[in-house]
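What follows is one chain in structure tokens, specifically the form predicted alone.
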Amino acid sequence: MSLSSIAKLAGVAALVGLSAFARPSGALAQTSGEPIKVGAIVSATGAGAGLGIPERNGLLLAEKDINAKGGIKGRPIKIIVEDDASNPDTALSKANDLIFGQKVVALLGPSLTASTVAVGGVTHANKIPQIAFTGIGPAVERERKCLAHVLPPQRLNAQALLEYAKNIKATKIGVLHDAGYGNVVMAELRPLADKYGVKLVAVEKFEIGATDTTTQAAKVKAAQPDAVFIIATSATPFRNVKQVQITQPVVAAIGSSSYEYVNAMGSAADNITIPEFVVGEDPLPHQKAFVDLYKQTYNATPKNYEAAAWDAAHIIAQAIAKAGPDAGGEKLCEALRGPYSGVLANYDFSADDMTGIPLSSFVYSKLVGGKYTRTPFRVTQ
């Protein structure tokens, strides 16, 4: 399905009731009173649209679900979704308008690491709870205890890649990574490589939004690695890896796991292993109700970013209900800290990384002809 087709489906209505985390529930409830406004910033256009459009779908699905069950203490939730066009400056501008202009009580998103860091400066200074669709990256984010994350920290993403390399006995690794998300994961991967007995024989960087990475892919091929890591939010490096005829196993970080990117890979979407969380074709038992609802609503298979946005909306709704609909930002931040059972994973926002996802939560899938198959490999802790 194309990006434009998915976008057109974003407003699909008529849901059946589910519990806060996609478990079946009973009859629909009524909401009344002034809506509780929550802001959301996603990359619905630009280089990050492969993340932002699924996230927007997950948010709108969650909003309908929460309101179908009575909202937050009887009041409806209204999620105001803004597009930052994959630009950190735009994200910051949208955040300021949502917080100071539209008076939202919390922020969800953004989609990309650089935008999350930019917006986090505002939410941290003003004690506005924020749940980002990214994993904790730069060190500054550890100081921001009102900023939770519903995707794994980049150190965990690096570990997940290296665990699979160890599993297939790959000791020489070539890497293609972008200058944004890929840079942050690489900063964590480099110091971990030695601990895993892995040598990085070629590390090639490309700009976000690059349309041709064949030069970088050819350099990785020339280094004759045992396996290739691709760390990016883009389909381009996968197409180019196939173009230069790299035959070694390709392992991709979770940033490339959305179907928007997979569809853009074309015939290159084959024999790629991804450490992730939601395999819509074969969901874990606690994910099945959400996956079925998403398919029913959008006629598409959900992945990690749809589930992360769904979780974020339900988590902030639970925090607002706990603190009270009229609680200030500081009380909402306090209410946010703690464990939550979600579709994507089990979180603990009292953890130092404001995520609390364990490495053992990863599942490993393989793309076969553009579709995901869950593999038997899991990391044990």
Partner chain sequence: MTSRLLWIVAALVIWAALPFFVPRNIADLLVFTGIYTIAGLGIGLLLGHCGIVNLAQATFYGLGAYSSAYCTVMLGLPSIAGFVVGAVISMALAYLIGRPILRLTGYFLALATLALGAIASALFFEWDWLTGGTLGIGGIPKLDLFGFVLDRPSRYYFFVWIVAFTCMAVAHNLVGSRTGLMLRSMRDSSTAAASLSVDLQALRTQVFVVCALFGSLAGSLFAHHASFVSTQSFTVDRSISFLLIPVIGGATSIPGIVAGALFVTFLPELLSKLGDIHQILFGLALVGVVVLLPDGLMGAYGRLQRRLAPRRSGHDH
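Residue numbers count along the first chain shown, from 1. Being a predicted model, the structure only gives us computed values, none of them experimental.
The same protein has a further form, the form predicted together with its partner chain, not shown here; the description that follows concerns it.
Novice: Only one of Ala345, Leu60, Ala44, Ala323 comes within 4.5 Å of its partner chain in the predicted bound form by heavy atoms, so just point that one out.
Specialist: Selected option: Ala44.
Novice: With its partner chain left out of view, which of Ala253, Ile77, Val184, Leu176 would have a heavy atom within 4.5 Å of it in the predicted bound form?
Specialist: Comparing distances to its partner chain in the predicted bound form, the residue within 4.5 Å is Val184.
Novice: Given that the partner is absent here, does His149 sit within 4.5 Å of its partner chain in the predicted bound form, heavy atoms only?
Specialist: His149 lies outside the contact set for its partner chain.
Novice: Is there a heavy atom of Ile168 no more than 4.5 Å from a heavy atom of its partner chain in the predicted bound form?
Specialist: It does not: once its partner chain is placed as it appears in the predicted bound form, Ile168 has no heavy atom within 4.5 Å of it.
Novice: Please check if Arg155 has a heavy atom lying within 4.5 Å of any heavy atom of its partner chain in the predicted bound form.
Specialist: Close contact is absent here: in the predicted bound form, Arg155 is far from its partner chain, nothing within 4.5 Å, heavy atoms only.
Novice: Answer for Lys172 alone: is it within 4.5 Å of its partner chain in the predicted bound form, judged on heavy atom distances?
Specialist: Outside the cut-off, so no.
Novice: Using a 4.5 Å heavy atom cut-off, which of 156-164, 231-239, 272-280, 204-212 contacts its partner chain in the predicted bound form?
Specialist: In the other structure, the partner sits against 204-212.
Novice: Counting only non-hydrogen atoms and a 4.5 Å cut-off, give the residues of 129-148 close to its partner chain in the predicted bound form.
Specialist: Those in contact are Gly137, Pro138, Val140, Arg144.
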